[in-house]
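Encoded as structure tokens, the following chain is the form predicted on its own, with no partner shown.
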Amino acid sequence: MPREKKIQPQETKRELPPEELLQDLGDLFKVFGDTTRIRIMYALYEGEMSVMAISELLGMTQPAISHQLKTLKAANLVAGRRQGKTIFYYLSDEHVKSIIAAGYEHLTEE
């Protein structure tokens, strides 16, 4: 079994990212801490959907979905495109998909 390298406290402190970045990272993970938002992101994992389609899929009201989408958009996890009067929402980039996939894999691995 390999021996772990002992790290001195002063070395660890120098390697930490700036406090503001760590705060932002914590805030990002707080957004993932809500089951409704996770359900919405999971629904958008395969592609874009309207608020109406998401609300039907999740069995929730459109205002409730819209409220959560606002939070997801503010965190840059979800984006939208307008087509006529309808906005279609989608996961903002591959990083969001990776976070969801990694979390799911972590929970389902044996």
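Computed from a predicted structure; not experimentally measured. Numbering starts at 1 and runs along the sequence shown.
One more form of this protein, predicted in complex with another copy of the chain, exists but is not displayed; see below.
- Residue 28 belongs to the set of residues with a heavy atom inside 4.5 Å of another copy of the chain in the model of the complex.
- Taking non-hydrogen atoms only, residue 77 approaches another copy of the chain to within 4.5 angstroms in the model of the complex.
- Taking the partner from the other structure, another copy of the chain in the model of the complex has a heavy atom within 4.5 Å of a heavy atom of residue 44.
- Heavy atoms of residue 52 never reach within 4.5 Å of another copy of the chain in the model of the complex, leaving it off the interface.
- For the partner-free chain shown, 75, 76, 77, 88, 93, 95, 98, 99, 100, 102, 103 of 75 to 103 come within 4.5 angstroms of another copy of the chain in the model of the complex, judged by any non-hydrogen atom.
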